[in-house]
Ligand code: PA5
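Single chain ahead, by itself, as structure tokens, in the form predicted on its own.
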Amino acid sequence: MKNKLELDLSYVSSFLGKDEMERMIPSLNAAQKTLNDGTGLGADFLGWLELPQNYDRVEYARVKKASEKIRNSCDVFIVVGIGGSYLGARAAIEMLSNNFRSLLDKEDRKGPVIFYAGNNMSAAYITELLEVVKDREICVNVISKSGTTTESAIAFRLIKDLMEKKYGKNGAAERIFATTDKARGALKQMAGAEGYECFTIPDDVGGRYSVLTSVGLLPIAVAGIDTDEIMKGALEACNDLKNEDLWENPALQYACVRNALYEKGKNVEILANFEPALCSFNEWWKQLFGESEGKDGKGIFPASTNFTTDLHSMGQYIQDGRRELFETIISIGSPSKDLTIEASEADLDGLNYLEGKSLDYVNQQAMKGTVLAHNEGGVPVIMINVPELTPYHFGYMAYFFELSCGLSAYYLGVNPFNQPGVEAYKRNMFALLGKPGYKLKDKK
């Protein structure tokens, strides 16, 4: 799909025959039908599937209006949430902004500095955040379906206290925006009582599939990113990727190849990139696939690397370690910026042979050299070619991976939309903290 997203499987072919992929077509098409018909496990959470066509236009208009208000009234915007409540927005903002956005003048960065809270329980982190923001103009977006997720609830309680001391209860309420359940839950109740403007997490969209809802779109819009283009890219992906022909649908191909490699003992998938702007996209991808597939004793372990940086740490293992892994590399066709390498009279660093070449060209050759080396070392490599990093392409990529994940999980035979294992640590933590109704299991 030229100018959109393409899969290059040439570095997989020596590990996986075309006939092996074609044998999987009936099962893949069955998974596709299960997804589209809403007949599989977790079908109550399929709202993301047609979201690019059916999203709430009225709420979307409110998101854009609120983002304008936030950009005009604060220096600092704090996004309070964990997992899918913040990862998608952070992935988009970092992908589509200057790498050093927070250091730019407000006019150049097109909005406030954005910080993230409620994604850990580090006392040092939240204390230092509060110290940094206390003398600045602040707005907050607290994101939680229930309002009782421990990490986010603690962070919000502390930030809310700071803001009420700074602005008074009414002044703080004007600067706090809640994204939560449309009708129930602790955060919804608090927002109603305090007078926060509310945005909705759709009942049929789980957190890790929610980046194209108000969950992701409000922070992204606050960053000054064109959300219309994001939704346009997602809509085109939604239409393009309905094809039932394996060889015409890259989402089906990706689900097919990763499961075929898994069946051959490749238990670890590494998502790699050669652009630092994609670092948080890696984190979003890890949650998407890790929580969707890792259950019932099944699933590919999702890991990630940022090259060339990690070639000087993880590169050795990838090249010569256990042969149970494969790579998926996101390759960007055109950089957002580039530099040309000039000659130096002394050439003490020995780089004059690169005279006249662009830095992106050097980076591209590093990528090609890495792919060849890892492939020769026994690592299958899936190449995902994206023309450039734009809001349109973010929307397209987000939908591509969401759809691929749903297809892959149904092929694997697991529910893509629940996360029962996440509750285990919470039960133990609550018991250790003395929360009423919880106790540790007796050791046998």
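The numbering used is simple: start at 1 and walk along the sequence shown. It should be emphasised that the depicted structure is a prediction, and the values quoted were computed from it without experimental measurement.
The following text describes the form predicted together with ligand PA5, which does not appear among the structures shown.
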Answer key, ligand PA5 contact in the model of the complex at 4.5 Å (heavy atoms) among V133, L261, A234, I82: the residue is I82
Just one of S331, S146, S304, Q253 has a heavy atom within 4.5 Å of ligand PA5 in the model of the complex. Which one? S146
Given that the partner is absent here, state which listed stretch (367 to 375, 200 to 208, 275 to 283, 170 to 178) has heavy atoms within 4.5 Å of ligand PA5 in the model of the complex. 200 to 208
Q419: touches ligand PA5 in the model of the complex, heavy atom cutoff 4.5 angstroms: yes
Within 4.5 Å, heavy atoms only: does Q287 come near ligand PA5 in the model of the complex? yes
In the model of the complex, does E327 come within 4.5 Å of ligand PA5, counting heavy atoms only? no
Exercise: E293 in contact with ligand PA5 in the model of the complex, heavy atom 4.5 Å: no
Need the contact residues for 231 to 267: heavy atom within 4.5 Å of ligand PA5 in the model of the complex, sequence order, or none if there are none. none
